[in-house]
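A lone chain, given as structure tokens: the form predicted on its own.
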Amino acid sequence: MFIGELSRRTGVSTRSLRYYEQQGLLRPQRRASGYREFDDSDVTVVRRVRILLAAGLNTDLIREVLPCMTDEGAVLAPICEEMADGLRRERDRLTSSIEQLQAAHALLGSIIHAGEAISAEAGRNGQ
């Protein structure tokens, strides 16, 4: 199938599919005319890439773990133990980022609340 058909079957734009190819996530065959030719297995690859992107992985890490992924029902599962360890480290990194963002969120909330309190007090005092 050509890139347009892969796009229709996966719901992913042709631009994104070209990007996946540039990143080494897809490896279509090239015809003499230069057209990309994908096969049915690429539909599965694109679905896996989308899941891994949604899980917060970057394309460099996806390129590493993609060969070690299998479908386990509606989710993916690593079949190489060393990849599972890498995914755990990435999850821990995300957890740390989430905690930092929550702390920043709380601090910003405190700043906003303090500003609102000052504005309300000024309003009561006729300022």
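Numbers for residues come from their place in the sequence shown, where the first is 1. Computed from a prediction, not measured in an experiment: that's the story for all the values here.
There is also a form predicted together with the DNA; it is not shown, and the following applies to it.
A.B. asks: Can you pick out, from His105, Arg9, His113, Arg15, the residue that has a heavy atom within 4.5 Å of the DNA in the predicted complex?
C.D. replies: Partner contact (heavy atom, 4.5 Å) among the options: Arg15.
A.B. asks: Applying a 4.5 Å heavy atom distance criterion, does Pro67 contact the DNA in the predicted complex?
C.D. replies: Pro67: no, not in contact with the DNA in the predicted complex.
A.B. asks: Test of understanding: in the predicted complex, would Glu121 fall inside 4.5 Å of the DNA by heavy atoms?
C.D. replies: No - in the predicted complex, heavy atoms of Glu121 and the DNA never come within 4.5 Å of each other.
A.B. asks: How about Arg36: is it within 4.5 Å of the DNA in the predicted complex, going by heavy atoms?
C.D. replies: Yes, contact at 4.5 Å.
A.B. asks: Spell out, yes or no, whether the shortest heavy atom distance between Arg93 and the DNA in the predicted complex is within 4.5 Å.
C.D. replies: Arg93 lies outside the contact set for the DNA.
A.B. asks: Only one of 39-47, 94-102, 26-34, 75-83 has heavy atoms within 4.5 Å of the DNA in the predicted complex; I'd like to know which.
C.D. replies: So the stretch in question is 26-34.
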